[in-house]
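Just the one chain here, the form predicted on its own, laid out as structure tokens.
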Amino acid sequence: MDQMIPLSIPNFEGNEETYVLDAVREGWVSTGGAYIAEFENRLAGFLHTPAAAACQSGTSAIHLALLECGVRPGDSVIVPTLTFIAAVNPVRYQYANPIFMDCDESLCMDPAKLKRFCEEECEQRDGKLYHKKTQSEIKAVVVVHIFGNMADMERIMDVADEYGLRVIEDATEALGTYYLEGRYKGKYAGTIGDYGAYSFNGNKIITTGGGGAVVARDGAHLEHMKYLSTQAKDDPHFYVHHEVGYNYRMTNVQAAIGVAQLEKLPEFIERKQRNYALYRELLCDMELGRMFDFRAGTSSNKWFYAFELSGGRISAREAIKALAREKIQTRAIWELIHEQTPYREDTAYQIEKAAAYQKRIVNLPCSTQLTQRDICRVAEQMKRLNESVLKAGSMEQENRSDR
């Protein structure tokens, strides 16, 4: 009997157990220990950035970046509507207001609409950008690199520079994605803007269980975020604190797992890329839809494999249920955040493409443990679904003719 093919699960085939046991035997299991520094150094080396600060989650990384941007109650931050809600919630942690932006054909933020919004809906005063409708100052833009794709950072950075906006890159899904050409050739997702956030949740390309990291263009800013992540201790011996801090530091046990995972990261990326290529080969020329492309001129980590349904023949929900019956776990893309209960009263600017893509995307199994047999089995069920949908459409057409 066929086993369930999961959507995305962690892969522990390296030195995870060895390093974790070492951390436990040494007694360093909390937010101190050598593995934290080693993980930060290895991550920074991989990203070709001077340093990195390990923290508890991608969400906490974004929150620290917003704090460093000076986002305060009443300010506004431009965010995508097509993303996981964790990219937006930290804006509300600061009692600030998200302004929701549409996506382009990459599923990432649309730079053309971002520019148009700044030109037509905002005004500059004393070097700062204000939303005309609410009169709130817009402090930053959160750009999410969806599914390991790369947003159009050249155009987004041009807009940010023109209007004095800080850029936070949510690279939680894009560790290892980088530009092959252009102004940012060789630059990794998360290292182009002012700040970059990473996640090591259980379904990411590498994991520490929970966990995240933040990087910054300015080394002093990174040190300040690290300081805030450890309860802002000015004198840890006599418990002196000059700022409000947070319990956001990664633990040594998590970092021990992370060091082992980083050792496997290049291989995991190669597997993701190879498996995506096989999916594309097997699922080409299907009336049901197509494998979603990644941006030209980039090398993507191919974290998630999105299949775009076309023609309105079947809904994403119906496709997910049909594949589940064959023990294949798939997932829809997220509901649009500006339509979620906590954010319905916030500004959403010309949301069009995101609404269309939200109805059509199904994510296929993408774990690094996937075998060729697994992928062929998924592809075969997709082809059967394609045939059944075409057959149903043909029968419906015949019935209409009979009438």
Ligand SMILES: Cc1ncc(COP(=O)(O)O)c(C=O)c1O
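Predicted model only: the values in this text are computed from it and were never measured. One rule holds for the numbers: they count along the sequence shown, beginning at 1.
Not pictured, yet referred to below: the form predicted in complex with the named molecule.
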Legend entry - is_contact(Gly190, the named molecule) in the predicted bound form, heavy atom dist at most 4.5 Å: no
Inset, instruction - Indicate whether Gly211 is a 4.5 Å heavy atom neighbour of the named molecule in the predicted bound form. - result: yes
Legend entry - Contact test in the predicted bound form: Ser57 vs the named molecule, heavy atoms, 4.5 Å: yes
Legend entry - Heavy atom of Ser106 within 4.5 Å of the named molecule in the predicted bound form: no
Legend entry - Option touching the named molecule, based on a heavy atom within 4.5 Å in the predicted bound form, out of Ser76, Ser229, Thr172, Gln254: Thr172
Inset, instruction - Go through Asn201, Thr330, Asn97, Thr298 and name the one with a heavy atom inside 4.5 Å of the named molecule in the predicted bound form. - result: Asn201
Inset, instruction - Choose from 164-172, 117-125, 316-324, 216-224 the stretch whose residues reach within 4.5 Å of the named molecule in the predicted bound form, heavy atoms counted. - result: 164-172
